Structure formats: structure tokens, C-alpha cells
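So this first bit is one chain, no partners, the form predicted on its own, shown in C-alpha cells.
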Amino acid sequence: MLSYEELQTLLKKEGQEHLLRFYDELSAEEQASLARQIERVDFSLIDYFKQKNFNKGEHKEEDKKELAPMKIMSLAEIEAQKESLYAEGVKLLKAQKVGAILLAGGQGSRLGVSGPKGKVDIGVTKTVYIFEMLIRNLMDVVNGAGAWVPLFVMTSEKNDAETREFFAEQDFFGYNKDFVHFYMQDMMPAVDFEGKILLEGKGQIAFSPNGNGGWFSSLVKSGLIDAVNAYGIEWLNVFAVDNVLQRIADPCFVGASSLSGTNCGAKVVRKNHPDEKVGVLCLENGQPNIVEYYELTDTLRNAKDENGDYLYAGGVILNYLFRLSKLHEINNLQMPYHIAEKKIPYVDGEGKLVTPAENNGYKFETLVLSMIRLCGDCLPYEIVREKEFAPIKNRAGVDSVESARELLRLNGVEL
């Protein structure tokens, strides 16, 4: 741990001396905590901020480049090659060349539940947790391939201990605990409009999660990359906690991505209609990228091919396969930050907590779409929406526990 003098030297160099403003008022334990926080700060983030030459309260994302559609591997194509795709996928799974990454850092607050989102009970006549459904889905693959799939669960500072304890209490929902590994997502400091790191307490830096694009860099920093390498993993399947129908380490998806020779695969659903609010996988300046529905012009949203199918139709569901060798390559590159103006509570010069009524700074995060773009290629792999897409984001209505239950019942799941 850095001494006070070393912290002073570091912060003076970075123009962030104010982080030690209340140092003498802190207990020895709080001083040590603050020192550890400062050591965690990636100051290249501040350099990135300065390079953008932001004006106070103003931030404009880079202009979008030329867009073009990507050819989707259709359901018909998948069905025609199913036998060979499945065989390739099972071969890789049996050899434990595939690992799974569960992004589970979120809280269940939007669903009216405290604690990790994966602890939400979606059962009707019995208790069925979100985590439990995901493990059930993964067990289908384990049983089919005859081999355990190494599972890496990314938590957050807010829910790490509770997530670990919950898995242990539930006996890992029947999964082999030797193949389950937990790690915490890295955090990024929030800054004011001048690029000064904010304190949310006299000894507490205002941190926020580094976004879904930080899952691999966080894995590397946690040291678990050694376990990944020890398994001999070549592909990592990244998926979100809130889709209870998704197929994880799906043999056909694995096989298709492997045989295609690409560095990345993305499961996509055909959009229900042109204005559906879902990110679309397409080409931006010749590179694969995900663009939001509102970024497409009316002309692009409604464009069709010779068969009458929408050209920009591949809606992503946050289920991706990445080739590990490519991940190591892009992990050494500067991933662009998504920068958002926010109302960030902070401690002022007198040590008083201020809850701002208007935006007063920026939060930073990296996005998985940037990883796809850096990969240079991607296989859009079509799935049947009703069989693999039941997201739980809201208390009621669209994409809720209620709608997910109905889809699970339609797929023969007893709740």
C-alpha cells in the first residue's frame, strides 16, 4: 500500500490532490481504505477525458459512420447444418474448450427486490430463482455433452458476498461447485465537468461499474484468467442474468461460430417490426457493430431485401461467443468509453454531502458492442424468440416476471 507521501506525489502528478483533502480526519482504517481506492484508479481514464476536450456540461458522442446490413445465419441454414454444427460444438464442449460468463452484477431493485437480481423468485407453485433457471439451462448442455462447462460469475461490489453466499446456500443449484468461479467487476471513478474525481464521502471515491464491456478486463485483473487458461478454454460465452430462457454454451451456436472462422458470434432475434426498441447488429464503416433502434433512419429501419425481409433485422439479446485469443489481443487496446452526464452525489470542500438537482459530472463505462467492433468480424446467429428470449426487466407488462413466466410455461417449464 502506498504511503501518504507516495499518494501525494501520485495525485499531484495527476492533478487530483483534492482526494486527500480530508485525510487527517479519517481513522487509520479509513485512510488505508482510501489509499487502496486511489491505487485502483486507472488514471488513463482522466487522460482520455482530457483528450476529448469536453466543454462543461456538454458531451457529444462520435458521429456514426456509414451503415450496412449483415447477413444473418438464418434458422433454415442452421437447421440444414444442424448435425455438423452440433457435432463440432459437442466436440469443443467435451474438451472443455468453452467457458460461460454470467454477468450478474445487477440488483433486483427495479423488480421490487433487494439484493442480486438472480435471487428474484419467478415461481408460481414453488420457488424458482432466476439463477436456478440459468443453471438448469446450462445443465441441459452439460448432460448432452457429458462434460461440465466452467462457469465464471461476474458480480459487483454491492452484491458479491450475497451472490456467493446464495449459491452456497442453494448448493449451487446442483451444479458442480468446482467448476463455478466468482469475480468482481472493476469500478471507474466519476468526475466533475472539469475532470476532477468526485468523493462521495470524506474517504470514499465515487465509483461506478465499468460497464458490460469490462467483463474480460475484470476477469484478467481478478486473476481468474489463470483458471481459464488451465482449463484450456478457447471460447467464452457471455450472457446476461435476466434472460431466463436463453441457451448457454449452446452446442450448435458454438459449432457455428467455430466453423465460421470468426472471432465472435452473436445470438439475434428477428425484429417483430421495424420500430422495435432493440439494438441491431450491422456493419459500421465495414466493421461489425450494434446500433440502437433510434440511430437507424426511417429508410434503414424499413429497408427490405428481395425476399421482403427487413435488412436491419438482427436484434441482439446479449448472448455472445468470443474467441479467447482475440480477447487477449483486444484487451491490450484502448476500448472507447461511453460517457454519460449524471447527477452524482458528492462531498463538497467543507465535507458536506451534496445531492445535486442537475447533472454535475460524468460516469464512464465500456460496452460489449465495442468488443464486437474490435474483433473485426462477427457471426449473427438467429434464434427463435419464443424459445430463447424471456428477459426480466420490469415489475409488470413487457419484459417482466409475468411475461417471462408465460414464455417459460409455453416451453414446458413447470413453475
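Nothing here was measured: the structure is a model prediction, and the numbers come from that model. Throughout, we count residues from 1 along the sequence that is shown.
The same protein also has a form predicted in complex with ligand UTP, omitted here; what follows describes it.
- The stretch from 296 to 304, 138 to 146, 235 to 243, 280 to 288 that comes within 4.5 Å of ligand UTP in the model of the complex, counting heavy atoms only, is 235 to 243.
- In the model of the complex, no residue of the candidate spot (266, 326 and 376) has a heavy atom lying within 4.5 Å of ligand UTP.
- For residue 109, a non-hydrogen atom is located within 4.5 Å of ligand UTP in the model of the complex, even though that partner is not displayed.
- Contact annotation: residue 185 falls within 4.5 Å of ligand UTP in the model of the complex, judged by heavy atom distances.
- Proximity of residue 105 to ligand UTP in the model of the complex falls within the 4.5 Å heavy atom cutoff.
- For the chain shown alone, residue 311 is not a contact residue for ligand UTP in the model of the complex, no non-hydrogen atom being within 4.5 angstroms.
- The contact residue chosen from 217, 212, 262, 96 relative to ligand UTP in the model of the complex is 212, the criterion being a non-hydrogen atom within 4.5 angstroms.
- Residue 318 is the only one of 344, 318, 339, 224 with a heavy atom lying within 4.5 Å of ligand UTP in the model of the complex.
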